[in-house]
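Single chain ahead, by itself, as structure tokens, in the form predicted alone.
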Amino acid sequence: MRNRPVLFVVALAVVAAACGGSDGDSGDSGSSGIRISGSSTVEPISATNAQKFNSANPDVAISVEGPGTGDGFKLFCAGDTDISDASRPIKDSEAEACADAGVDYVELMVAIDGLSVVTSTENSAVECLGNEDLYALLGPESIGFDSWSDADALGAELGATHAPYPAAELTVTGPGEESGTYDSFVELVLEDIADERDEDAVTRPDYVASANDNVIVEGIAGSPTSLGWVGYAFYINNADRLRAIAVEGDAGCVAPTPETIADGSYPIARPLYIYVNTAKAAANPAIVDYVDFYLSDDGLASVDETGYVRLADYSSTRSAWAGR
């Protein structure tokens, strides 16, 4: 199922699911609903699990939305949602907001993603980029660069190993600031260089930004010399229209694959999470049953099916849930 289009999975923005036991049998948890919001990257996993859970347990409505990790945590820390999907760990400021509102939670790592630097399949001129290249093309000092070659001087100054760049139009589409995918890209790729150069650790502001990964896919696929970044599942499920650019790290130029993401040789891999409100779980057995299913073998199969990579060992995640 890995090649099933993510567009179909994400269309399950609101699906029904029930509160049966973790083995899939119907239980007597009542009719309390479950609301999940947050990362559009994690949304396909949670939506697929809601669909699976619903097939055996059709009693409880589960809504799954993907406005972005940051927007999801705003809802979660206000007590408006039960589970928050996240493509990065919760920030200190967000944790403080939860604490101030009396929202206690458990953090559960559920998968690994490889942030994929992508272009159109029509663009064969760029095979690999390092962090210095990506900073020159996408960082805070690249404002106004309309051509890849506009970044030549900055790339040379940074010692970027893949400069000079093609004299071709540079059309950038990527996540917006509300997205955990944006935060992760800044942290893993841009932050150290920005700090060394006394610049803000941000991307260039003059690009098409969206919290919707499918919009990003359309933007990148629609320009022959595009550049952007998405979660691995959104790349691999659109590999007929997108081409991944290898990223240079300690192991040289490495393309994102399930193997390189799992073994850490792909330089910009990151964990994916769900956060569960523990008080709401205690009050609503449906939440417990859904998360039990999520962490079962059938639930974790959704990680593979939606295009992400499983953890090598889920014992810590399951222990964290059991010890909540």
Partner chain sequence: MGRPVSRRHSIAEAAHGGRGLSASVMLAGDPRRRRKEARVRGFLFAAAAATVLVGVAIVLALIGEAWNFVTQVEFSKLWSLGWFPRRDFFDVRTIVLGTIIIAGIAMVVATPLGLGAAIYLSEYASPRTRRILKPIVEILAGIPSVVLGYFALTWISPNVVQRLFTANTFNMAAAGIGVGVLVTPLVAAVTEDALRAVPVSLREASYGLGARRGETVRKVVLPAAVSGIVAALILGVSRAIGETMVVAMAAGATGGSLLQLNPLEPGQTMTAAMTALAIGSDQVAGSGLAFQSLFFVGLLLFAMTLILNVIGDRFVRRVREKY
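Residue numbers count along the first chain shown, from 1. Given the structure is predicted, the values throughout are model-derived calculations rather than measurements.
Although not depicted, the form predicted together with its partner chain is the subject of the following passage.
- Contact check for Glu218: a non-hydrogen atom falls within 4.5 Å of its partner chain in the predicted complex.
- When its partner chain is considered in the predicted complex, Asn212 lines it closely, a heavy atom lying within 4.5 Å.
- Among residues of the shown chain, Lys74 is one whose heavy atoms approach its partner chain to within 4.5 Å in the predicted complex.
- In the predicted complex, no heavy atom of Pro164 sits within 4.5 Å of its partner chain.
- Note on contacts: among Pro205, Gly252, Gly159, Gly102, the single residue with a heavy atom within 4.5 Å of its partner chain in the predicted complex is Pro205.
- Among Asp152, Glu177, Glu187, Glu107, the residue placing a heavy atom within 4.5 Å of its partner chain in the predicted complex is Glu177.
- Contact with its partner chain in the predicted complex, defined as a heavy atom within 4.5 Å, is made by none of Tyr232, Pro271 and Ala320.
- Residues within 4.5 angstroms of its partner chain in the predicted complex, judged by any non-hydrogen atom, belong to 197-205 and to none of the other stretches in 88-96, 127-135, 244-252, 197-205.
- Residue Ile143 is the only one in 138-176 with at least one heavy atom within 4.5 Å of its partner chain in the predicted complex.
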